[in-house]
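What follows is one chain in structure tokens, specifically the form predicted on its own.
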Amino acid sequence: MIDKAVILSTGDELTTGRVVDTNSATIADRLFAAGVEVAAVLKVGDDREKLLWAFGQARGLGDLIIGTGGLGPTADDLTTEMVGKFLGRSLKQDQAVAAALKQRFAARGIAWTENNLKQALFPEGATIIPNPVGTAPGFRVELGQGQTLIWLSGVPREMIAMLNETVMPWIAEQKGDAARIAACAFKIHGLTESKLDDLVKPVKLGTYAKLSFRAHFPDLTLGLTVSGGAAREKDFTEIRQQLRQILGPYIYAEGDATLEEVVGRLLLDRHQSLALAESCTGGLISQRITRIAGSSAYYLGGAVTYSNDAKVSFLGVQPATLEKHGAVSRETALEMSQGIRERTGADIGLSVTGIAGPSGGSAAKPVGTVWVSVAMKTFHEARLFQFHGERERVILGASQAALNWLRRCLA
């Protein structure tokens, strides 16, 4: 029975801080949803003695050890060798994996070197875990006394594919339904953490349900977990619906969708096109929109009009408006959104103008002052937002606020 797990992340790049370890967080989240407690997360560099120490520590703390990294062909990829040494087992080459590696290299026209066969070595008795998006397969090996060690690629996209397709289904089989945890996460914009906590206080959870809060500027995530498997499915559904009713328009997604993905789907569903006029965000909103595959179906283009002259030349903002109200004003934002809409022929024009700092603010318009405007056929309005913090924080906050207001206008 799998009750407790230990996560091992290996690599000098992790222990020196050059790379942020996202693998352990992803694995821990998935294990929790499967009803497995994470007893510890260990990070060690590419060092034989330290790896042996980590294996020993992990074996004393959990029923399941899940590790990542060190499965490649280079000299510092030590994991498989050290697992074999730790268990006292020899390494054997899997001929099918070796052949698949050679075929993959040949198909891509990449020069083959013999050190790649290192990725076809596995501890004796191991079960191979396929890597559907990379060259290095992982493996699962029984340690005895009900303990299991699983090792996956350290490349995040490869690790996630292996986790989803092979590891989590295997864990689910071992756990059974009663231990399963139903979970969902709401992405929220426009509330403080304290206000969110206050709004959800009336929800009755019982001993089997839990809410978790995570602040990650410029948003919040509210997580719901309900333990008990199929017997608690009705409770999970009812609590989730209560949260939807209470939080309503503040929820922009449930799951992993980004705000730009949500906006893109709304534009597609409504057969609407979008154009952007950005000042203080410097093209960030356009970049976020266009990073979504298929965005050409609804995004026509945009203009980064940082100077007053550019606002006049490219968007048709009136010089008198700029002289009387300034570049950061409701009036200018309105003319920017209408100007980009008219010049591109888009159904919707979205504009942003503000003071990102650290200089340029005043008592009347402090740093962090941002105006956002949306222009549609039957709707043309602007809203004032006030952000605090360093320049990048203001720019990110402004981009998120603009996309979220557009989402609410579309919805």
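The first residue of the shown sequence is 1; numbering continues from there. For the two forms, the rigid core is made up of the largest set of C-alpha atoms that agree within 1.5 Å on superposition. Worth saying up front: this structure is predicted, and the values here are computed from it rather than measured.
Omitted from view is the form predicted together with a further copy of the same chain, to which the following refers.
Though the partner is left out of this view, residue 293 does reach within 4.5 Å of a further copy of the same chain in the predicted bound form, counting heavy atoms only. Using a 4.5 Å cutoff between non-hydrogen atoms, residue 241 does not count as a contact of a further copy of the same chain in the predicted bound form. In the predicted bound form, a further copy of the same chain lies farther than 4.5 Å from every heavy atom of residue 52.
Using a 4.5 angstroms limit between non-hydrogen atoms, residue 287 touches a further copy of the same chain in the predicted bound form. Stretch-level contact analysis of 265 to 273, 80 to 88, 299 to 307, 230 to 238 against a further copy of the same chain in the predicted bound form, using heavy atoms and a 4.5 Å limit, identifies 299 to 307. Checking 103, 95, 245, 113 for any heavy atom within 4.5 Å of a further copy of the same chain in the predicted bound form turns up a single hit: 113. Of the listed positions (326, 283, 190, 130), a single one reaches within 4.5 angstroms of a further copy of the same chain by any non-hydrogen atom in the predicted bound form, namely 283.
Annotation: in the predicted bound form, residues 164, 166 and 173 none come within 4.5 Å of a further copy of the same chain through any heavy atom. The partner is not shown here, but in the predicted bound form the stretch 313 to 338 reaches within 4.5 angstroms of a further copy of the same chain through a heavy atom at 313, 314. The Cα shift for residue 357 between this form and the one not shown, taken after rigid core superposition, is smaller than 2 angstroms. If you fit the rigid core between this form and the one not shown, you'll see the Cα of residue 71 move by 2 angstroms or more. Relative to the superposed core, residue 118 undergoes a C-alpha shift of no less than 2 Å between this form and the one not shown.
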